[in-house]
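There is one chain below, alone, in structure tokens, taken in the form predicted alone.
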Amino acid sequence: MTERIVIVGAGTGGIVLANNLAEELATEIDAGDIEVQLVNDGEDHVYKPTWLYVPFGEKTLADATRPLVDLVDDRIDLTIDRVDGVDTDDKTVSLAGAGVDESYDHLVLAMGAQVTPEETPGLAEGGHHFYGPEGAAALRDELAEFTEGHLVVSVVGVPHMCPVAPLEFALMADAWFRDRGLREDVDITYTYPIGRAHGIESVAEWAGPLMDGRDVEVETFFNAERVDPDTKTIHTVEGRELDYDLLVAIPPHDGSDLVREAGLGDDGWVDVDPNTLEARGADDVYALGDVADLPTSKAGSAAHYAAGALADRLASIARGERPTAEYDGKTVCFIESGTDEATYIAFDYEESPTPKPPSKLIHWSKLGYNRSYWLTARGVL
């Protein structure tokens, strides 16, 4: 009897997992003993970190996408459809377009996170963001026309994808305006919800002096409650007000209704064991990437490393062996500190990160990784 592994979502976690399984289980798949199905609601794979560079004209939206058929191993059954239901008792997922239910023996949820600016009144009308293709393109156009005034970079929603990206944007904006000879005419303010500039203490300690030296004002304990697009004012739950001319906000994020409706996580994030990635609310269900409720960053590298561990576990289980591989929380993030320098952090569940001094070499390493990312998506790296 053929054993079926179904993966929902072809972001970094889903596609790396699928390609790793294709390699690890090649013999079993070729023999018809195992099937691996990857279901995605679009035909393209998107590398989201590229969107950070679009507002500054350094990348295009096309740079962030590749057709899935060019990236997914031929052994994988690639299905373009939207999953609109999960039944963990019957072990099926419902495909909205085909109108059929697909059975699974092992289900992996990797649908990512959704941005929901509408959760904060006035934010969608009064602010911009770079957490989606339309938002990044609109911000590019707005930024190109912005020559003077107050730029506010505000982290409104946490948790959010790529936790260091707001810091990167503020520091890149500083350098970008300096390069254009406009910095003296542009004030920059960065806001964060807790009492420091970032959720990771060592990153906040690194970023604080750097932003002070770049004349980037930092406002902490700043939790936006609503935005008035007419007066261009942010109002916070702490009773503060901040005027802006251009607002770049990191909008609230949400998990998935599929997760809520399947009883796998009340807030839309799948409640999982952080090491085995097994859902606590159902048997033979796993989650990785942003949709998983893990004590680490919602970052592409976390999804990449988690996918490798889960591929090893699923391959062992499919062969009837005891799985021993576990995800240790490994995450590596490059952090742009301008337009030509960067640092990086590496950490896991046990070890805290220590940012290295920014350098041009690390900046070019980040750009090099971005160009070679497509090999990661193919499971080569």
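Computed from a prediction, not measured in an experiment: that's the story for all the values here. Numbering starts at 1 and runs along the sequence shown.
Below, we refer to the form predicted in complex with a small molecule, which is not included among the displayed structures.
Next item on the list: Using a 4.5 Å heavy atom cut-off, indicate which stretch of 39 to 47, 342 to 350, 26 to 34, 59 to 67 touches the small molecule in the predicted complex.
Entry: Looking at the other structure, the answer is 39 to 47.
Notebook entry, point to check: Could you tell me if residue 110 has a non-hydrogen atom within 4.5 Å of the small molecule in the predicted complex?
Noted result: Contact with the small molecule, yes.
Notebook entry, point to check: Given that the partner is absent here, does residue 332 sit within 4.5 Å of the small molecule in the predicted complex, heavy atoms only?
Noted result: Answer yes; at least one heavy atom of residue 332 falls within 4.5 Å of the small molecule in the predicted complex.
Checklist line | Non-hydrogen atom contact residue 224 with the small molecule in the predicted complex at 4.5 angstroms | finding: No - in the predicted complex, heavy atoms of residue 224 and the small molecule never come within 4.5 Å of each other.
Note to self: I'd like to check something about residue 310: if you look in the predicted complex, is any of its heavy atoms closer than or equal to 4.5 Å to a heavy atom of the small molecule?
What the structure shows: Residue 310 lies outside the contact set for the small molecule.
Next item on the list: Only one of 162, 124, 242, 137 comes within 4.5 Å of the small molecule in the predicted complex by heavy atoms, so just point that one out.
Entry: Only one option qualifies, and that one is 162.
Note to self: I need to confirm a contact call. Of 130, 190, 286, 269, which residue comes within 4.5 Å of the small molecule in the predicted complex, counting heavy atoms only?
What the structure shows: The residue from 130, 190, 286, 269 that makes the contact is 130.
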